[in-house]
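As a starting point, one isolated chain is supplied in structure tokens, in the form predicted alone.
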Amino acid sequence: MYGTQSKRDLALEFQSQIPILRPSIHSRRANLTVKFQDLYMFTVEGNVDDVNVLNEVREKVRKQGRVWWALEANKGANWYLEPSISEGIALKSSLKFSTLANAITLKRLIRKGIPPLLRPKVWFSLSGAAKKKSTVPESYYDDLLKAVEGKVTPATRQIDHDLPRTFPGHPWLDTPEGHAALRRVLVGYSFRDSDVGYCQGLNYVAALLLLVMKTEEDAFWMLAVLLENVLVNDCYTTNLSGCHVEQRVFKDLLAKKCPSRIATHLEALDFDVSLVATEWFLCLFSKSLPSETTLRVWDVLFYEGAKVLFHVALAIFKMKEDELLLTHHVGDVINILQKTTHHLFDPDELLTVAFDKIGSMTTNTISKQRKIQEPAVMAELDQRLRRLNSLKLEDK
């Protein structure tokens, strides 16, 4: 896929030798903004404090990697594939203690982060992508690409338009080779699922999957399992009904899980959470958070499901509640949230708030909330469609 071994591959292969970022003396003295590259070759801008945070995070990554490698040595390469405990299912008396212990250990380990070198195979197995791939012929992906070659659809036209706008400046993604690989994944999936086709936002998700997974085909299957099994239905369909439902659920959770004064204050400002959360949910934070933090979120997403997105979104508001209460304009709220997400270089800081200070949220609870919100969303979308058709008739 990448031809000769790329810088990205080398960075992952020698993950244990992650370089310490060293800002210049002048930068240290003046606390100026510095630029540096993260593990996935994205150029990051921050101050010297941000560099120090990233150095600390990378030391944690090294330590966490040693824990995973020790488990592989003691329990076998695929120890994490042992039966785990599904949420909401009562424990049976016959359940082995070792299985329970493994499930608890695995959940804790994943929340602390999967080492970059192990990420491709752990994601592929635990997400269900491997199982999904196994249900079709081995040549499925190649046959799909051959079948769609040269075909032009509204989806392919939009994909071609978005390719150069997907993480511009990245040393691999923003090249003809990177564009071609990303196009094949997106176009291939647009023909696999015509209901989804292509939706803006998927380009960022697929691009990041390409950087993590070892092969283009594996990135395709990760995208498939994400859209077909992990996320809510209709999140990326034409009317984005699933995404609209998620926004309403998130708004309700914000009022319940964060201090009521925050929800009251934001409502008084006429702030609509969709102004920031739409991008969060459609791009799965890939455009908002630093890449290494985004991938820590995805570690948990592929194991625990879409509820993780609500945990993280709520945590971002929770972390800045004092500042948000001092705002007087909608623009101030957006600026605070955007600045916060762009500088969240410490994934542990974010995930600690997300899982320890937000409170428990089960998949079943969120599913019930979705069912409550769905009728109102569908009625609103139907009304919008009728209004649009009426305007078209008037124009004629």
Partner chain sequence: MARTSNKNIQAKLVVLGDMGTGKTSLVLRFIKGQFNDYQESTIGAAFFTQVLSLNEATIKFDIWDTAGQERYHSLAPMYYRGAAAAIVVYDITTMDSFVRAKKWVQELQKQGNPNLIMFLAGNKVDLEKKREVEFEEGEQYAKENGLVFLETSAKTAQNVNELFYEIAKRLVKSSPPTRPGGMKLHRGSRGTERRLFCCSV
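Remember, predicted model here, so these are calculated numbers, not experimental data. Residue numbers count along the first chain shown, from 1.
In what follows, reference is made to the form predicted in complex with the partner chain, a form of this protein that is not presented.
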Using a 4.5 Å heavy atom cut-off, which residue among 292, 216, 162, 304 comes into contact with the partner chain in the model of the complex? 162
The single option of 142, 272, 252, 72 touching the partner chain in the model of the complex, heavy atom within 4.5 Å: 272
At 4.5 Å between heavy atoms, only one of the stretches 339 to 347, 53 to 61, 356 to 364, 326 to 334 reaches the partner chain in the model of the complex; which one is it? 326 to 334
Check for me: heavy atom within 4.5 Å of the partner chain in the model of the complex, for each of 104, 212 and 220, yes or no. no
4.5 angstroms heavy atom contact with the partner chain in the model of the complex for residue 172: no
Contact label in the model of the complex: residue 204 to the partner chain, heavy atom within 4.5 Å: yes
Using 4.5 Å between non-hydrogen atoms, is residue 268 touching the partner chain in the model of the complex? yes
Indicate whether the partner chain has at least one heavy atom within 4.5 Å of a heavy atom of residue 310 in the model of the complex. no
Residues of 225 to 241 having any heavy atom within 4.5 Å of the partner chain in the model of the complex, listed in sequence order: 236, 237, 238, 239, 240
